[in-house]
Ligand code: ARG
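Okay, here we've got a single chain as structure tokens, the form predicted on its own, with questions on binding and movement later.
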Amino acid sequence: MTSDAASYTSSLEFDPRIFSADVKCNRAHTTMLQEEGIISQETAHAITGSLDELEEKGISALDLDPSVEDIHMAVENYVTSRIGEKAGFMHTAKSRNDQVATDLRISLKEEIEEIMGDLLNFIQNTVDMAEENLETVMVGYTHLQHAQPTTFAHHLLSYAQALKRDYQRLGDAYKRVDLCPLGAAALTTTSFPINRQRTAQLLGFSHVLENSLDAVSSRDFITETVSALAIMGVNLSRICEELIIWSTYEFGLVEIGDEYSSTSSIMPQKKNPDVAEVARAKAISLQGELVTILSVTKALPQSYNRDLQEVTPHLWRAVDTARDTLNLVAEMLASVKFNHQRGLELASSNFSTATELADLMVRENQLPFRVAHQIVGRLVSTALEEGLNPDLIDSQFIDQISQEVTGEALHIKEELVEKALNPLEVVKSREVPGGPAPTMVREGILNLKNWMEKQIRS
């Protein structure tokens, strides 16, 4: 192979990521070979001693010239330089095919565990913010239009629940990553009496992959993981989108911390939500990594093909982007200051309490909801035409509209009308599980705390 071809096909650029895993893989395999009587104790100790020495020195002790091809040969070459030809026994009953698949799974397990821990921290921080804003009223939106009153706490818990599902998706993917390919060798195992369960145990895997062809050629564990990360990216992007919108002058609901914003180079009055905007874009790159991985693997025949090497850099880019974005968005959200006055102002305007007024007519006058909906719809359009704010609507005005629509007055008590038009009272009335009433949000917070404690214990 020419030097250009060797450089072109080399995986050394991203192999350092699996250096530690490769040392562990070789150590476990050598230990098993010795335990099964396939190699001598003296040879095994020489190999594992050199691997221990290499692990302590770190990757800088290796010759990573492209001619070496990959990290696996670099490690073997190092051991050879220390103990001579005995190092060759390290490769007994093992191929680079099952070795690289094992290394990837070891490293990816560690990455998933880190990200899952970061997700728990994000959820905890979001829950803490929610506890401080149980009665912080704001308007909820559908179609980005005023819909119904809610609270900032209720909105924050919607983020927490999405993050919880991201955690669960990664946990599900982890189960498929946690399967050991070692012992599959090139593709059909080996005639040596190896103990695959033992190497899986030494490396901390739950089970072995049952089919050797599948073991060396499958990369769907990567696809599944990156898919979970891409979905997480979408959820993070949605959080960023709302913070960007809410921080505008027109909304004025939040102020993002200065450390996550910047000033315009020409307009000194501006505060730009830079981190939120970049994070929103990073989510797209996660989707791109997923599509690339799917495209590389979609038409490969069994079993191992060198194309699979090109999946790895996209995996690590996705992992790094996802983790960095997750942690920065978590920190940015924690820096947010919510404008309580503006939240109440928006919730009190534009008739966001209209649904509760219709519900009141159903309760007090036994009207079919569609009739009540029609009355309130006419009421709102009339009030807007006459320039009346919700706080000017009274029982008399309701009777006027009701007579126009149904021919009958409703005679609802004034205090009930006032309560139905008060955003905080409307929020407090939503005492249905999952609703924005402070009692229900407290219950949601408690449920999340109990779930988090269970994850930490497990």
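Keep in mind that this is a model prediction, so the values were computed, not measured. Residues carry their position along the shown sequence, with the first being 1.
Quick note: we don't show the form predicted together with the ligand, though the next part is all about it.
- In the predicted bound form, residue 100 approaches the ligand with a heavy atom inside 4.5 Å.
- Proximity of residue 304 to the ligand in the predicted bound form falls within the 4.5 Å heavy atom cutoff.
- In the predicted bound form, residue 69 approaches the ligand with a heavy atom inside 4.5 Å.
- Among residues of the shown chain, residue 109 is not one whose heavy atoms approach the ligand to within 4.5 Å in the predicted bound form.
- Only one segment in the set 363 to 371, 169 to 177, 136 to 144, 306 to 314 has residues whose heavy atoms sit within 4.5 Å of the ligand in the predicted bound form; it is 306 to 314.
- The contact residue chosen from 196, 280, 96, 86 relative to the ligand in the predicted bound form is 96, the criterion being a non-hydrogen atom within 4.5 angstroms.
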